[in-house]
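In structure tokens, one chain follows: the form predicted alone.
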């Protein structure tokens, strides 16, 4: 039996949790990819960020932190995990926060 996924109500997510989740360079890269996707992203498509392969256990840990910070919603489909951004919910709670972070991240990438 698999453990249920934690998806907190957005009202219960403090801004500090969001900022902490996105303070790691791999997590902000993962979230940026999910943020820009129209369709759910599988963990397989996210297993390489910043030109580095991420071990499955590390990727699972990063996704759990993003999920528990209210940034993504995960859904199991068989053995595959599908992830979608909760940016509309976060935008309603903290207007402009995620767009500013994702934009700043893109600017940072352009400078490298």
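Residue numbers count along the first chain shown, from 1. Computed from a predicted model, the values in this text were never measured in an experiment.
From this point on, the text means the form predicted in complex with a further copy of the same chain, which you will not see here.
With respect to a further copy of the same chain in the predicted complex, the three residues 23, 100 and 108 uniformly fall within 4.5 angstroms at the level of their nearest heavy atom.
a further copy of the same chain in the predicted complex comes within 4.5 Å of no heavy atom belonging to residue 81. Using a 4.5 Å cutoff between non-hydrogen atoms, residue 28 counts as a contact of a further copy of the same chain in the predicted complex.
Along 64-100, these residues reach a heavy atom to within 4.5 Å of a further copy of the same chain in the predicted complex: 93, 94, 95, 96, 97, 100.
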